[in-house]
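Take a look at this one chain, the form predicted on its own, written out in structure tokens.
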Amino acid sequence: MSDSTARPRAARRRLPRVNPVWLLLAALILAIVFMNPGFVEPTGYMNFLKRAAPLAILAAGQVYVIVSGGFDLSVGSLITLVVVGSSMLTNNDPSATVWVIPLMLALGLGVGAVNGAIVCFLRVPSLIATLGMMITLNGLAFLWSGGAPRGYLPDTFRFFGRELIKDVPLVRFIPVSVIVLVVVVGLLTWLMHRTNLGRQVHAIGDNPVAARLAGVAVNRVRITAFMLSGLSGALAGILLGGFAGVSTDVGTGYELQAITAAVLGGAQLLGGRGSVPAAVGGALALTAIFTLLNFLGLPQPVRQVVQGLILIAAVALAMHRREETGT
């Protein structure tokens, strides 16, 4: 009898496990289609992916820091600085885009490197280090712009955020931002799940002492994780500047949305577990929730309440699963 009961259990263990975030996303998409049948048209779902692209890229970078056992609260302010700084540096000159975009990407890498160095060498908790960086970057954006950014982002800069590739078979058009999303997420997925870097990030988040004893360069890997998060913040800023325009609060709240998306995708806030595709699924689910709230005509404060409740529920569920599995 014990053999007969063990076989079904073994069979269940062999079944592929589906991350709940994909089931949630499917249910949300069905709800959106029910409320707005036009969503099944290319204009509907391509515009949805276009809106979700910055958050999805941000979550894909944030998950590296979370899996390594930290947080990055500075990415929202980094987005603002990238948008404001780009508008000031381009100064209405389309040809300036050629050097401004690489400079902004370097800025993202630099901010991430500074965050990582503060955490690793000054032993400041990542929550405090990146909170300080968030305040600093916000201050720099306001100082640089005087609180009112001058100029605008030229079309050459906004190309990545708002332009469309038209006459595409089956879907008719593809936003350039969606292509950027696919490329960036593909690279970050490969790094996390197919290279030694990803395995080392997981090992550090699971047990940094054991990882160090096993020969992992803990500080270097942690700094790399923060640099990837900073780079994703700069990319998100470039996309948001493309279709949202210039504002001193364009990045407000994105740091918490990215963390919420990663946790919704199953990343553990204590580190050691997380997936780039699942974090992107969390970002898509979060965008779908916001879309539904807009369809219902609910105000912005309600969206913030829902986001907070989602974060609390996702963390509580993750902790419950951790206690059940003992990992």
Partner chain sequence: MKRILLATGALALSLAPLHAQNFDDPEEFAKQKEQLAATPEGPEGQPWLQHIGGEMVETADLGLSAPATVCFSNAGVNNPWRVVGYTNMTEEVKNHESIGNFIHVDAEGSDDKQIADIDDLLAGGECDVMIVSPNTTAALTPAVERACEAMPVIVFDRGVNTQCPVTFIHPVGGYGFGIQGAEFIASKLEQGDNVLMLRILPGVDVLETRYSAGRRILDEAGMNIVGAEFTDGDNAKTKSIVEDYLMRGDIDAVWMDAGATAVAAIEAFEDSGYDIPVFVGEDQQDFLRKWQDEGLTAIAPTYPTYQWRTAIIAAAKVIEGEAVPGPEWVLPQPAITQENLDQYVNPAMPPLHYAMCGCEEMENYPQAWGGN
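Computed from a predicted model, the values in this text were never measured in an experiment. Positions refer to the first chain, counted from 1.
Although not depicted, the form predicted in complex with the partner chain is the subject of the following passage.
- Contact with the partner chain in the predicted bound form, defined as a heavy atom within 4.5 Å, is made by all three of 147, 158 and 295.
- Looking at residue 247, you'd find a heavy atom of it within 4.5 angstroms of the partner chain in the predicted bound form.
- Though the partner is left out of this view, residue 227 does not reach within 4.5 Å of the partner chain in the predicted bound form, counting heavy atoms only.
- Taking the partner from elsewhere, residue 178 is found to have every heavy atom lying beyond 4.5 Å of the partner chain in the predicted bound form.
- With a 4.5 Å cutoff on heavy atoms, residue 162 counts as touching the partner chain in the predicted bound form.
- Per the 4.5 Å heavy atom criterion, the partner chain in the predicted bound form is contacted by stretch 35-43, the sole one of 22-30, 275-283, 35-43, 56-64.
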